[in-house]
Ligand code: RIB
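Take a look at this single chain, the form predicted alone, given in structure tokens.
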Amino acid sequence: MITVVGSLNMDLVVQTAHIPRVGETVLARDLRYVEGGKGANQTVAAARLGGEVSMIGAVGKDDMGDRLIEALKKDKVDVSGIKRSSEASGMALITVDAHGNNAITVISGANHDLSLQDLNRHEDKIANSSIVLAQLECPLDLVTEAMFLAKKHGCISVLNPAPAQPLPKDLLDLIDILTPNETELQILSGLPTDTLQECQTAGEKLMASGIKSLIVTLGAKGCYYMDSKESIFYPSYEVKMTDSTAAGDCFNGALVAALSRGDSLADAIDFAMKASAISVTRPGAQPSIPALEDMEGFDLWYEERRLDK
């Protein structure tokens, strides 16, 4: 069992030729409402890719909250840990350019109404899990408590530190696997991360803070794994990108799904990279996330879509 503690948002997505600069107005073709939020996206990815998943989070008592919960139910997620808050459901405003790059503004709403009491009320879900996954779109004290409960019950604790913010040492000490992208690694370490060597140096600094394993996702370049014994670079499965929204969430959900069924960390990373490669060829957040049957034909799928073909 996997428990995800995190956010649920309704994504308002617009497609533009380019992401506007400061003071610039651009025209968009349409507006799409897509279920999202880092916590929900990672929950869906873990569920579609073979995991048994429960989620702890909060949505408003509104139509968007209804939609967000129903979307999780379709993927057989245990939603009994999701609070119906008096706050409005969270939202994200997402602009996607012609190359699939995005810019995102998040309105937290009900996500910041999730309390320590709400979390502790569902401690049994964590106690019955082997992995607990969290992000930073919910209050930091809540994330720290989730990681504490994970360690209390012998779970693997995984934190995707997005959106990045300084993390206290008492939280870092509780994390088994930290999964920043290069921008988040730069913020967390205070060091540049423009090259692979710089990522390694920044990662080494972060590892000294108490992290046991570090996976730095590098977008189209791949990812970088580091622990106390080794550092390994995994090149990406390069494909033509349509929309990178939720690619990192897909990676995290796929990673914990693979770990939950007993895969080695190396195999879980490769599985997560394959899932992410599929996701960036599809538009939207949760709609882009592949299912387990998509992964079974990955080699043939990739051979037809690889960028160097």
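As the structure is a computational prediction, the values presented were derived from the model and not from experiment. One-based numbering along the sequence shown.
This protein has a second form, the form predicted together with this ligand, left out of what is shown; the following refers to that one.
Trainee: Does G253 reach this ligand in the model of the complex if we count a contact as any heavy atom within 4.5 Å?
Mentor: Taking the distances in the model of the complex, the answer for G253 is no, it never comes within 4.5 Å of this ligand.
Trainee: Report yes if any heavy atom of L188 sits within 4.5 Å of a heavy atom of this ligand in the model of the complex; otherwise report no.
Mentor: Contact check for L188: no, nothing within 4.5 Å of this ligand in the model of the complex.
Trainee: Is V77 close enough to touch this ligand in the model of the complex, meaning at least one heavy atom pair within 4.5 Å?
Mentor: No.
Trainee: Is A71 part of the interface with this ligand in the model of the complex - any heavy atom within 4.5 Å?
Mentor: So A71 does not count as contacting this ligand.
Trainee: Looking at 151-159, 103-111, 226-234, 193-201, which stretch has residues with any non-hydrogen atom within 4.5 Å of this ligand in the model of the complex?
Mentor: That would be 103-111.
Trainee: Could you work out which of I215, V132, I94, C138 is the residue within 4.5 angstroms of this ligand in the model of the complex, going by heavy atoms?
Mentor: Of the candidates I215, V132, I94, C138, I94 is the one lying within 4.5 Å of this ligand in the model of the complex.
Trainee: Does any residue in 238-264 get within 4.5 Å of this ligand in the model of the complex, counting heavy atoms only, and if so which ones?
Mentor: Counting only heavy atoms within 4.5 Å of this ligand in the model of the complex, the contacting residues of 238-264 are T245, A246, D249.
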